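Below, in structure tokens: the form predicted alone, a single chain.
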Amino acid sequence: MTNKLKYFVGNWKMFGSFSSLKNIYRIHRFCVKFNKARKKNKIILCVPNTLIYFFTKKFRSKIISIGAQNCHHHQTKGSFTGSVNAKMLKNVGAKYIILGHSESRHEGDTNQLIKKKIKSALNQQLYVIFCIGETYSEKIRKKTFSVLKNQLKSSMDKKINLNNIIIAYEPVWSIGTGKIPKIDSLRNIFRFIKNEFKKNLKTKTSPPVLYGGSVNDKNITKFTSILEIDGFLIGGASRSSKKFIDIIKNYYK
């Protein structure tokens, strides 16, 4: 079963400034005029923490939501120098949060730590975009399915609010390389993720599952035949309003 909405999520990473607000306005103007898919899309821009409050106060839209990119796992105030928790992000206007991204895992986030972060974010009614994916070494050793299964099982709690979970499949070997998985392989992986989620969490429905990894305005058309894909987590291309708009536009060609 596929979800009705198509998600286009931008991950700005450590880029952006107050002047980047003009990029959001451009994306918004496009979405308002793009009748072909206006009611079918959900646009989410996950920006640096320093921009969340400014963007949410200066810009209000039913079409575009602002999100964060990570948080500390501790749910209350504490002696964690330089850290920001989910409650703080919620208070400054974030609606969504990316957790489990491969870059965060590379910096030390384990499945167990990610599980605490997910629980903390959900307790603040944030929508969690939970990233999973295999490395190139795991891929060539045919470990993709076992890695994804372990990441899902180790980071998900059966007691959490499943309605606030979005899964993003990001093969680590694809991020920033320009390489994308084969279509048949992607189709099988997305079916596996949705089935594994329902099996582990003992639910009859699966969350939206997005694809991330070198998504751009040129290759986006390759994904249109994969009905199991519910949207995209877009990295570098999302920092350019033109490239981000072209991704949405070209997807519906």
Ligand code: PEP
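Predicted model, so just to flag it, every value in this text is computed and none were measured. All residue numbers refer to positions in the sequence shown, first residue = 1.
Unshown form predicted in complex with ligand PEP; subsequent notes refer to it.
Q: Go through Asn49, Asn41, Ser65, Ser214 and name the one with a heavy atom inside 4.5 Å of ligand PEP in the predicted bound form.
A: It is Ser214.
Q: Is there a heavy atom of Gly176 lying 4.5 Å or less from a heavy atom of ligand PEP in the predicted bound form?
A: It does: once ligand PEP is placed as it appears in the predicted bound form, Gly176 has a heavy atom within 4.5 Å of it.
Q: Against ligand PEP in the predicted bound form, would Lys243 count as a contact residue? Criterion: heavy atoms within 4.5 Å.
A: No, Lys243 stays farther than 4.5 Å from ligand PEP in the predicted bound form.
Q: Using a 4.5 Å heavy atom cut-off, state whether Gly231 contacts ligand PEP in the predicted bound form.
A: Flag for Gly231 set to no.
Q: Applying a 4.5 Å heavy atom distance criterion, does Gly236 contact ligand PEP in the predicted bound form?
A: Gly236: contacts ligand PEP in the predicted bound form.
Q: Even though ligand PEP is not shown here, does it sit in the predicted bound form so that Asn11, His101 and Glu170 each have a heavy atom within 4.5 Å?
A: Yes: Asn11, His101 and Glu170 each sit within 4.5 Å of ligand PEP in the predicted bound form.
Q: Which of these stretches, 65 to 73, 223 to 231, 206 to 214, 187 to 195, has heavy atoms within 4.5 Å of ligand PEP in the predicted bound form?
A: Among the listed stretches, the partner-contacting one is 206 to 214.
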